[in-house]
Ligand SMILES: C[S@@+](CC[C@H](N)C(=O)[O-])C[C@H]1O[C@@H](n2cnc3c(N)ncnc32)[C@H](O)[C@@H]1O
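The chain below stands alone, shown as structure tokens; this is the form predicted alone.
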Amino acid sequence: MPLAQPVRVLELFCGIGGCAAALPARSEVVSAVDIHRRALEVYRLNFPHPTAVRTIESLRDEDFRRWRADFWWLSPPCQPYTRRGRQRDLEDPRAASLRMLIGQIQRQRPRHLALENVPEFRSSQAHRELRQGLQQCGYRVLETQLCATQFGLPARRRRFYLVASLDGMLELRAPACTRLPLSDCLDAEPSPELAVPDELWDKYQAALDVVDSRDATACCACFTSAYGRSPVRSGSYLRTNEGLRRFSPREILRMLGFPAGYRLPEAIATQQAWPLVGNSLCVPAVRHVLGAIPELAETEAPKLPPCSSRQ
């Protein structure tokens, strides 16, 4: 009996590889595309896949035909839809890439595709245009919202996911897991640079989300790309015996379910790494969503970290 051909995957807005970290071994990434050179530097450190430093708008029909991808993964910019932004939707220039891709989907008709974005995307005009385009092409569509806490991870990260297929799809069952303690995500020897200055605490203490390293039920607020720059509403702070500190980029990656062997370049500064991990994906959530595609579903349930009911 001939072996099944690997699923050819195209990662668009690939970032540091949250989708690549979730893909099964029988997939083949034909290209990982992003405009962010530093993100692609991290991606290439961890994955051998071909990468392309391109804006999505610069991609042409011949690029998609050359890649011949069976499955497209999309993580378009969330700023046009997020509550922290102006919510300009399709009037935001950063939405132009998704609108272009909707046209490409209609022309290229990949067998499968999936999209991740903030929950507010679901009520956007961009979402309506995407659904209309998929309907016109005969795609079956599945939509859901998932939070990292549903996979036992001690940090909130609620996101909207859409999966579409021209073939059949599998039903997504509710995740089943147990809680991963926050302490299991912490660095053994945290850097002194993570310490919070007294003046920041004095000024913003009423607005800071603080968790305790000794609290087995602690759950962090959602980390964003503004962590380390914006003192509030960008993630949590950690109270330890030594005082208050920020979380390191590696700690945040652990709270997003990245595998133990995932690396950041030694030369990258903490201030440079925070936006990269803040823009990344919850790996177990992506793996769960991929389970709707029969060719990408795990043959056995992946071993997920031990689940929180707080979201």
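Everything quoted here is computed from the prediction, not taken from an experiment. Each residue number is its position in the shown sequence, starting from 1.
Keep in mind that the form predicted in complex with this ligand is missing from the display, and what follows is about it.
Here the chain stands alone, but in the model of the complex its contact with this ligand, taken as any heavy atom within 4.5 Å, falls in 277-285 among 277-285, 240-248, 63-71, 24-32. Proximity to this ligand in the model of the complex, defined as a heavy atom within 4.5 Å, holds among 97, 224, 213, 104 only for 97. Residue in contact with this ligand in the model of the complex (any heavy atom within 4.5 Å), chosen from 165, 75, 236, 149: 75.
Within this chain, residue 291 is remote from the site of this ligand in the model of the complex, having no heavy atom within 4.5 Å.
Under a 4.5 angstroms non-hydrogen atom cutoff, this ligand in the model of the complex lacks residue 270 among its neighbouring residues. Contact annotation for residue 263: none of its heavy atoms lies within 4.5 Å of this ligand in the model of the complex. At least one heavy atom of residue 36 is located within 4.5 Å of this ligand in the model of the complex. Along 53-82, these residues reach a heavy atom to within 4.5 Å of this ligand in the model of the complex: 54, 55, 56, 57, 75, 76, 77.
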